[in-house]
Each structure stands twice: as C-alpha cells, then as structure tokens.
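For reference, the chain that follows is the form predicted on its own, supplied as structure tokens.
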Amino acid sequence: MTDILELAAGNLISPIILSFVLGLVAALARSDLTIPEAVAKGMSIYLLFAIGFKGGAGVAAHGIDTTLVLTLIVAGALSFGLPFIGYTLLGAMSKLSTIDKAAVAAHYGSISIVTFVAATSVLEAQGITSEGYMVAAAAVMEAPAILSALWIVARAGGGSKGTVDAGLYREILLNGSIVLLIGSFFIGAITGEDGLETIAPFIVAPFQGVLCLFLLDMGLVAGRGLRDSRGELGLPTVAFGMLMPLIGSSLGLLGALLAGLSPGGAALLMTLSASASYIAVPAAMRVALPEARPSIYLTLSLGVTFPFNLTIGIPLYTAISTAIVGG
C-alpha cells in the first residue's frame, strides 16, 4: 500500500497534472487567462494524430494476437455495460429525471480521449510500457454507451426520441476526433516503425509540452464550467461524478486481467473505463435526447470527473495496475 501511495503522489506532481491544476485554479479565481480557441483546436488535432499514429506503429511492431482480440471485446462490453450501472447508481443517489440519468450514464460508458492521452504520458514518464493497440480499444469504447443510453430511455418510455437513426450513426461515426484518431492509427499501422522514425521529431519530442498547454486550457474550461453551473448540481450528483470512475476502473482492471494485458495496458483500460466523454457523447445527446440538460451531463463529465481522473484517478490506476498486474 505504501508503494501505491508513493507512486500516486509522484504522479500528482507531474507537469501535465500541475498544468491542469493551474488552469482550474485560474478559472475559479476569475483570472482573465485564456487560450485562443484556434490554438486549442490545433493542439487537440496534434495530440489526437500523435497518439493515433504511435498506437498504429505499436500494433505494426506487435502484430495481431489473441490478447488484442480479447482486449477489443472487453472494451466493447465495458462501454455497453457501464451505462446500466451508472443509470442505476444515479437512481439511488439523485432525483434526476429518466432522460438526464440516461444522458449522464452514456457519458460514463464512453471515454475521454484527453484523459487517455494524459494517462499514456504519465506511463511514459514512469517508464511503464503499454500495448499500442489500446488506441483501438479507445475507439471501440466511443459508441456502444450511446446505444445503451437510448435503449434505457426507450425501455423507460421517456423522451421524444430515444431511437437510433442514420443521422445519429453518422454523428457518432464521423465525429472529427474519432475520424482523426482511427485514421492516424491506420497510417501508423501501415507505415510502421519506419514511418514513426520519419516524423518522430514532430510527434514525439514536442508531445509533452503541447499536452501541458492543452491541459492548461482544459483546466480553464473545467473551472469555468464549475463556476457557472453552481446550483445545478446537488452534492449526491457530484459524488456520483467521483464514485463512478472508481467503479468503472475496477471493472476495467478485471477486464484487463481477463484479456491478459500488461500493467501499462491495464492502467490504460482502467483509465478508459473510469473516464467520461465530453466530446462525442454530448454531440450525440443533442441529436438523440435533446431534452437532457447539458448543464448536468457536461458539467459532471468535464467539471467533476475529468479533474478527478487527472489529479487522483490516473495516479491511482497506474499504481494499482502496477501492484496487481505487475505483481
């Protein structure tokens, strides 16, 4: 237990975590610090391309095996199943409507790609290797949770929509972050280690610095969301935003053990299972469940769970996976 706490404490003082904390504190203190939107957009494009390309190159070096197939199956099952747990837990902890509970639950079955990128950076800083194909697992976990939430609403008889149509499928599958992540993954897989070596000065050396600046901006966004949504979220709902990641990460650890992942891969699957979407799922909810309140689901995912995972979750998941899977 002492080793776990020491590793977690060490990760908490990493540059990427402290950059996020700086942005969060600045926003809560009402500082005029801002990152231009165009710059933030450019950094997100860079990070998605870099992580996708490196993941694809990792798959090319590793090859396709049973562990890869099992990991993708486990990832899909987690994404589909976690919303049901989240919906049930919200029913016990809050007085949210069926629509709001389902919308929130969808976010916690899908993933935050920025949280995933931050986790890979923490692992690299600790010298912990992970399977390159975890990028593919992240892509697999984007959509099933949305379908689960719509099924919940349809069964509960709530909302004006709650059905899946071609427009929603297009919204999910052609989301810019998914297209870029999967596309760069395939480029990396096709070009392999030679391709990675060719553009390494662009996607390897600057990666940590860009991530720090991007998380500074995310801290500003999260802080403003918390500040502006005061009164919308009750204490039990906020508690859900910190409890659900612990439940998700526990199931992610179990899935990692079943799939036979390395300690690094287990940490990433735990992180994916613990994270909450704030890009793909909100876009889908606007189409599928327009009655759901963004002030609830977006503030929970970005303003509560995202900071929790960055400051406490990722260090904790890394330490636990190292102790259990590595042991």
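Start at 1 and count along the sequence shown; that's the residue number. Keep in mind it's a predicted model, so treat the numbers as computed, not measured.
Below, we turn to the form predicted together with a further copy of the same chain, even though it does not appear here.
The closest non-hydrogen atom of I312 lies beyond 4.5 Å of a further copy of the same chain in the model of the complex. For the chain shown alone, G195 is a contact residue for a further copy of the same chain in the model of the complex, at least one non-hydrogen atom being within 4.5 angstroms. Within 4.5 Å of any heavy atom of a further copy of the same chain in the model of the complex lies no heavy atom of W151.
In the model of the complex, a further copy of the same chain stays beyond 4.5 Å of every heavy atom belonging to G91.
With a further copy of the same chain omitted here, the record of contacts in the model of the complex names 25-33 of 254-262, 267-275, 25-33, 56-64, defined by a heavy atom within 4.5 Å. Three-residue candidate spot V117, S250 and Y317; no residue lies within 4.5 angstroms of a further copy of the same chain in the model of the complex by any non-hydrogen atom. Of the candidates T98, S184, T237, S130, S184 is the one whose heavy atoms come within 4.5 Å of a further copy of the same chain in the model of the complex; the others do not. Residues from 203-218 that approach a further copy of the same chain in the model of the complex with a non-hydrogen atom closer than or equal to 4.5 Å are A205, P206, Q208, G209, V210, C212, L213, L216, in the order they occur in the chain.
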